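Two forms, one protein chain; structure tokens for each follow separately as structure 1 and structure 2.
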Structure 1
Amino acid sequence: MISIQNLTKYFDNVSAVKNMSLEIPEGQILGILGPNGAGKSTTLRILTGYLPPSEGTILINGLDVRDQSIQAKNLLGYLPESSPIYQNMLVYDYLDYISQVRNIPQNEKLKRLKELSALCGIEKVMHKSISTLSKGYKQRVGLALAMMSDPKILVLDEPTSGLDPNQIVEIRSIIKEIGKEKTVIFSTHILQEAEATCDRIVILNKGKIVADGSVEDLKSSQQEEQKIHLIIKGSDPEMVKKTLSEIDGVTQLECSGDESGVEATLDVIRDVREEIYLAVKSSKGILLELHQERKSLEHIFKSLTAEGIQ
């Protein structure tokens, strides 16, 4: 659905996006992560036609966002980080106004407003002034704005920024519901948000893609070194240490305890669980527990973007 090829954006002599290429299929929820200044907002602004690229192309359903801007924008709904809603209007009046701007036929307008109020959970505030709403409800109104023309693609820039935990969960639920029928692309620096919501994650650092895949794919690709925790009964700690240290792939080993229970922690560079089982068995011990610690998304993010964090 979306094809980004060799995208680059300069601001004076500073490169905010560097030679980015990305294919986004229809129906995917894609999260773009990165530290401040990584190029997230710039990429979304170029994608939605608000900024021209310095180099490269973006095609949306085969439409070039630079040469066929209006046709491409008709496929998009966009909510920037600072939602452009009119604070002095009632929610209903504002969305009614937006429906006219978006050329929603008069005979379809009321149905569309009802659908959006239900989807975004704003039925109870439709006749309240936007200025009196909490930030969470204002963000829901912004989502209704972005969805007014029933776009095929929804683009959200930091949609949960500044919200409290309950509001974040509510917005996440709305995004997942929308993602059942739409392609959704959103930027965030909240790792739990991306992990809980996205089908796919792209991590940016200094304008470049440094990781791309599902959460599980990213975790698997970063498992260069892992920790394994063991609890063993009925074996001498020194015997356990000697036996386990002889396994190929174990880079570090710590043991403590006695015959009633030995705790061991191993740093390994490959999957050695089968060898551990056999080694413990040969030492006459009983393996009570084996836990392989995997890197979290937070560890992966830090390792890939550490130089970009100011």
Structure 2
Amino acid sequence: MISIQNLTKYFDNVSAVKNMSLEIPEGQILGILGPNGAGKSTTLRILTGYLPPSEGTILINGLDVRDQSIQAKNLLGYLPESSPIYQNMLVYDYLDYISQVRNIPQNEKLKRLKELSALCGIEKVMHKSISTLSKGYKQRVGLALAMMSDPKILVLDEPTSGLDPNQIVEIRSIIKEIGKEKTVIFSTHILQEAEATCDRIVILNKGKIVADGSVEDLKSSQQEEQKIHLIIKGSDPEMVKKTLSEIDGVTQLECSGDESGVEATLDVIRDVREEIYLAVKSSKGILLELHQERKSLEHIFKSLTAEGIQ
């Protein structure tokens, strides 16, 4: 469906996107994550034909976004960051204008506008001037404009930034709703959002793809490095340390406390919970607490993009 090949973009010799290749099949909800300046917006802007790439090509259904831009743009609906729609128009007039640009036949126009306003929840503001709308409503109008022609591909740049929690939930549910039939590509820096809505996540850092896969894939790829916290009663710290360090797979070990309770933190590269139990049991200690820290997307994100923060 969408094929990004060796995409590179320079801004005054600084590369924002470096040699990126990505295939996006039909009907996928793809979340693009990354720290500020990772190249998320740049990638989306090139994909939608707003910016020309320095190198590489983007094909949408086999159409080059540069050479056959009008045909390619007909397949795309795009909402730029912070929904920069014309301020001095009425919502209805604006959507009417977009319907003309999108070649919606006059007799179907009203039906389409009704559908969209219901889907995006903007029926009550159709008669208002866009400049008087709140940010959330502007975002919804932007969403309606992007979906006007019922495009096969919807590209949304930070669709939930600046919205209140209720609006975020609503926009997310709209995205999920649309994503049942269409390809949705959106960028965000909110990890929970990506986790909640995306079929697939691409993490960018410094213009390169550092991770690509479903949320589960990403989590399991990082599974080997885990942290386990223990509290053991009835053993002295030295003894606990000795027993635990004998377990295969423990890379780091910290112990503190006394006989009434030893606290231990282990870094492990495989699942060693059974061995820990047996080891503690054989050393006559009592295992009061054992919990394995579940690697969240946040950890993965941090570890993959840590360089960028320094």
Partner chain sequence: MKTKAINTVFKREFRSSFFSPVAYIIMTIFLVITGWLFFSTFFLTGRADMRNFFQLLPLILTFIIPAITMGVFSEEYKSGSFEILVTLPLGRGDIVLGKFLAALSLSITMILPTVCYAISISAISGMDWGPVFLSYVGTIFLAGAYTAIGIFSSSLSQNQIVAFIISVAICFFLSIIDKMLVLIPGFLVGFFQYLGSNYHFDSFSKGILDSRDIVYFLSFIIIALYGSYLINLEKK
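All residue numbers here refer to structure 1's sequence, counted from 1. Take the two forms, superpose them, and find the largest set of C-alpha atoms that agree within 1.5 Å; that set is the rigid core. Being a predicted model, the structure only gives us computed values, none of them experimental.
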{"query": "Form predicted on its own - structure 1 or 2", "finding": "1"}
{"query": "Rigid core fit then Gly285 CA moved by 2 Å or more between the two structures", "finding": "yes"}
{"query": "Rigid core superposed: Ile29 CA moves 2 Å or more between the two structures", "finding": "no"}
{"query": "Asn61 C-alpha moves between the two structures by 2 Å or more, core aligned", "finding": "no"}
{"query": "Rigid-core-superposed Cα shift at Glu246 between the two structures, Å", "finding": "3.9"}
{"query": "Between the two structures, how far the Cα of Leu266 shifts once the core is aligned, in Å", "finding": "4.4"}
